[in-house]
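A lone chain, given as structure tokens: the form predicted on its own.
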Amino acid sequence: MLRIDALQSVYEKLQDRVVITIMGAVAAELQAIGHRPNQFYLQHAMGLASSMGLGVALTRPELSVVVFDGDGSVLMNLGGLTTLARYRPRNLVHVVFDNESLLSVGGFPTATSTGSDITAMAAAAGIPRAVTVRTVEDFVAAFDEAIAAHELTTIVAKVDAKGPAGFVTDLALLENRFEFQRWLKKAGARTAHPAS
């Protein structure tokens, strides 16, 4: 499965949700599909997408939050999984694209290439719902189930180590920040997806 195919398969379901991506290929591919003001591309902060998503989920429990992360980033900040599990926001879906590679910074293999299992780590950390998927169809099904469950979920999507020609967005960091902040301020009843 290609990451961009997985992103495209759920893109229309993201329109009224808070969407936070990690840096690199995930951000570049989501923006290439189509930028929206509810999408924040967390640049220069490898390992912290789930932390930012947690903050938004806790302070805005009426909104549905989706984090698109990578295996390298999760492995860099494994404490993020235990912190997610501690607070268990019911409005957060954490998608980890696992290509067994630090693709955006040179393609070096990650620990998942030698057997480390992020789904098992998430479950052991205490995340109530954790699943691995390997096809686009299974990804869509897991994503839909996670949204419907209203329970903290980690979806590890095994994807090929292939990405875009470039790993940056053409949206300035500050522009993205202020646009996203304005969207969050306006988000309310029309975008609400109750956490319970």
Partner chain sequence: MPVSVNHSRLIYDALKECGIGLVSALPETWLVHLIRMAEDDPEMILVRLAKEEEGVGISAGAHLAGTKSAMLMQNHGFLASVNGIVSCAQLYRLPLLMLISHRGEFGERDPWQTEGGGVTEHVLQALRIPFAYLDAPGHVAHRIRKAQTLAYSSNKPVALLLCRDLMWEE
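Positions refer to the first chain, counted from 1. Every value quoted in this text rests on a predicted model; they were computed, and no experiment measured them.
FYI, the form predicted in complex with the partner chain isn't displayed, but the following is about it.
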(request) Look up in the model of the complex whether Gly79 has a non-hydrogen atom within 4.5 angstroms of the partner chain, and give yes or no. (result) yes
(message) Asn38 versus the partner chain, in the model of the complex: is there a non-hydrogen atom within 4.5 Å?
(response) no
(message) Taking the partner chain as it sits in the model of the complex, is Pro128 near enough to touch it, meaning that at least one heavy atom pair lies within 4.5 angstroms?
(response) no
(message) Is Lys13 part of the interface with the partner chain in the model of the complex - any heavy atom within 4.5 Å?
(response) no
(message) If contact means a heavy atom within 4.5 Å, which one of 41 to 49, 128 to 136, 151 to 159, 66 to 74 is the stretch that engages the partner chain in the model of the complex?
(response) 41 to 49
(request) Residue by residue through 51 to 80, tell me which have a non-hydrogen atom within 4.5 angstroms of the partner chain in the model of the complex. (result) Ser51, Met52, Leu54, Gly55, Val56, Leu58, Thr59, Arg60, Asn77, Gly79, Gly80
